[in-house]
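First, one chain by itself in C-alpha cells, the form predicted alone.
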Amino acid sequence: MKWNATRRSDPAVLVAVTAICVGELALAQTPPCDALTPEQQQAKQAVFAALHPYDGCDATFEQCLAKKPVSPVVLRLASDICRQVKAGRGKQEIEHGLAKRAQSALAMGKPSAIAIDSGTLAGDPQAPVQVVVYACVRCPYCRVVIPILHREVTEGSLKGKARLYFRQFPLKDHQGSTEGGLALVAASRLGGFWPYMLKIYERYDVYCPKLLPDWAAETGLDKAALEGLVADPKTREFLVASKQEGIRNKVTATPTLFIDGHKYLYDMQSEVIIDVLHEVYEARSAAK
C-alpha cells in the first residue's frame, strides 16, 4: 500500500499504527530483551508465541505482554527467557528451566525440615521470605554467591524482604572444610558469624586451618574462646547434625538453597537467585 500525506493524517490509520507499535514494544520492554540481536529477537519471538507463564497470566507470553497492565511476574519471566535466549538456549531447554523456576518460586509440596540457627541470621528477622543456604567453607562457588546474597539481604534490594540463614555442609573432598565448619559453628555461638564467614571467603585463596583463630581475632572474636569451642565435642556434634540434615533434605552439592523450606532448583547465577527471591516476595505481598 502506498502511503501519502492524507492517509498519514487519517485518525483511524494513526490508531492502527499506534496499536501495532505498542504491540511490538510490549514484546521487548525489558533491558534483557531489548539487548538481543535481530537473530536472537526472532528466537525470542518464537518462544514467546509458544510458551505460557506459570503465573500472572493464562495466555502465551506474546499475548500476556500485549495486555495492559502487564503482570510483574510475566515481565520477570520474559526477561529471564531473553537472558536464556542470549545464552543460546532453545525452546525446550527454556521450557524445562521455567518448570524448575516454578518449582522453586511457587512453594510446591511439603517444606523440608530445617533446624534454623539464629546465630547465622543475616538481614531483618521479620523479613517475610526465609532463605537457607547449605554451604561448605571451601566451596569455590559458595565463596561467590553467599557474600552477594548477604549484601542483598542486609543492604541491597532484598533488605526487609528476605532473611538469610547458613547451614553447615562440609564436603569431604574439600580439604580443610571440617576445620572451617567447626570454626564457623564456634563463631555463631560467639555472636560473630557473618563477619567471620565473609573474612574466610575473602581469604579463600590463602586458606589454612591454622590461620582460622587469627582471622577470628581480626573480626573481633575472642581467639581463645573460639579455640575452646572448636575443641568442644558438642561443636562437632552440631556440625555432623547439620550435614546429616542436609543429606535428609537431598542436598548433594553446595551451595544449595531453600526458599521458605522448599529446595531451589533453578539457575545458580546470583542475579537469577535474587530475581526469584523478588518474585517470591511480590507473591507473598500480593497474597496479603
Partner chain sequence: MRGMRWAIALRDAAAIVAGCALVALVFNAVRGDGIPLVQKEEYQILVPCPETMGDATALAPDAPALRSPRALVVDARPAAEFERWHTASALNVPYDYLEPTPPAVIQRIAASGAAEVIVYGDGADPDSGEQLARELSGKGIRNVSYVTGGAAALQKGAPSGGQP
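Positions refer to the first chain, counted from 1. Predicted model, so just to flag it, every value in this text is computed and none were measured.
Beyond what is shown, the protein has a form predicted together with its partner chain; the following relates to that form.
Residues of just one listed stretch (46-54, 232-240, 218-226, 59-67) have heavy atoms within 4.5 Å of its partner chain in the model of the complex: 232-240. Heavy atoms of every residue among H174, T178 and Q244 are located within 4.5 Å of its partner chain in the model of the complex.
Exactly one listed residue, out of A105, V85, V132, C139, brings a non-hydrogen atom to within 4.5 Å of its partner chain in the model of the complex: C139. A heavy atom within 4.5 Å of its partner chain in the model of the complex is found for one listed residue only; from V144, L121, L75, L198, this is V144. Although the partner is absent from this view, Q42 stays clear of its partner chain in the model of the complex, with no non-hydrogen atom inside 4.5 angstroms. Its partner chain in the model of the complex comes within 4.5 Å of a heavy atom belonging to M268.
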